[in-house]
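First, one chain by itself in C-alpha cells, the form predicted alone.
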C-alpha cells in the first residue's frame, strides 16, 4: 500500500519510478495476467446540454456540426462488431434531458442485449434515477461517469454553477449508480490548468475510497472552441504534454496498486497524447505495464467520429490496428469474454461468464 508521501513523491518525479512500475506490473500480472479486454466503442451523439469549459462538444460550441446516429445504422454497427468477435460494447454520448432520448436509449440497450447478448457499458451523464434504473434492468450493467476533479472549489473553475453543473449531484449520481447495481467506472482529468499535484492527490484518495469497478482517466488535451483554450493562449501555466502523459501513466500504476482488482482503461486521450512521443505499440506497452487492462477501439462511423471532438487531434482507434498493436506490445487481446473485473465477482460472490 502506498503512503501519502510515496504517492506525492511519485507524482512529483520527472519520470515513472522503476519500483512503482515493477510493483504495478506485478499486481497486474497476478490479477489480470497479460490479458487486455477490448470494448467496441460507439459515440451515439455529440449533442450535449452541458457547457464544461474544457469540452469540445459543449452546448455553446456553435461551430460544431451536431449528429445523432439513427437506430438502423447502429443495428448495422452492432452486427459488424459481432462479426469481429466482440462480446463487450461501450455506448457514449453527450448529456441530453428528454423523454425521446431516454426511449431511444432503452431501444438501443434492448437491441444490444436481446439480439446480440453484449455486455454493455454506457456513459450518458447524470441521467434521472428512473432512467438509470430502467437502463440497468434492460441490460446495461456498466456505467462510466467521471468526476473530472474532486475539489468543489476547483470543479467550479471549469463549470458553471447552475442546475446543469452541480458538483453535489455528480457525486450523488456516482453513489446512486452503485446502489442500483452497476459496475461503476469513474476517474479524473489530469493536468487541467489552475490545478496542482495536491489536487491530483485528492482525486486519488476519492477513487481509492470509492472503489470503482473501472477507472477511466485521461490527460487534459485542449480543444480550440472552448473557453479554457482561450485562457491557454494568454500564457496561463499548464503541465506540458509530456508531463500530462507521464502523470496519467503514474496514476494508472498507483490505481493498480491501490485497487488491485478493478479494470483500468488505457484511454483514447492517453493514446492521443502518447503517440506524439512514441509509436502506438510502445504507448500501449507502457500503459499495460503500468496496470491498464482495457482499451476501446472506436466504431463510430467515419463521417461522425471527427465530430465527437472532445479535444484536438483525437487518435481514431480502429479495430484491426489496435488488435495487432496489443499483440505487438506483448499482451493478449481478448474479444470473446465480458472482461468483468475481479472486484465485481468479489462483491457479488457469484460465478458468471468472465
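Residue numbers count along the first chain shown, from 1. These numbers were taken from a predicted model, which means no experiment stands behind them.
Although it is not shown, the form predicted together with a small molecule is what the next lines describe.
Listed residues 288, 322, 299, 311 were compared with the small molecule in the predicted bound form; 311 is the one with a heavy atom within 4.5 Å. Out of the listed residues 271, 221, 150, 81, 221 is the one that sits within 4.5 Å of the small molecule in the predicted bound form by at least one heavy atom. Contact annotation: residue 189 falls within 4.5 Å of the small molecule in the predicted bound form, judged by heavy atom distances. The shortest heavy atom separation between residue 37 and the small molecule in the predicted bound form exceeds 4.5 Å. The small molecule is not shown here, and in the predicted bound form it never comes within 4.5 Å of any heavy atom of residue 202. Residue 178 falls outside the set of residues with a heavy atom inside 4.5 Å of the small molecule in the predicted bound form. The stretch in contact with the small molecule in the predicted bound form, judged by heavy atoms within 4.5 Å, is 47 to 55, chosen from 26 to 34, 62 to 70, 47 to 55, 325 to 333.
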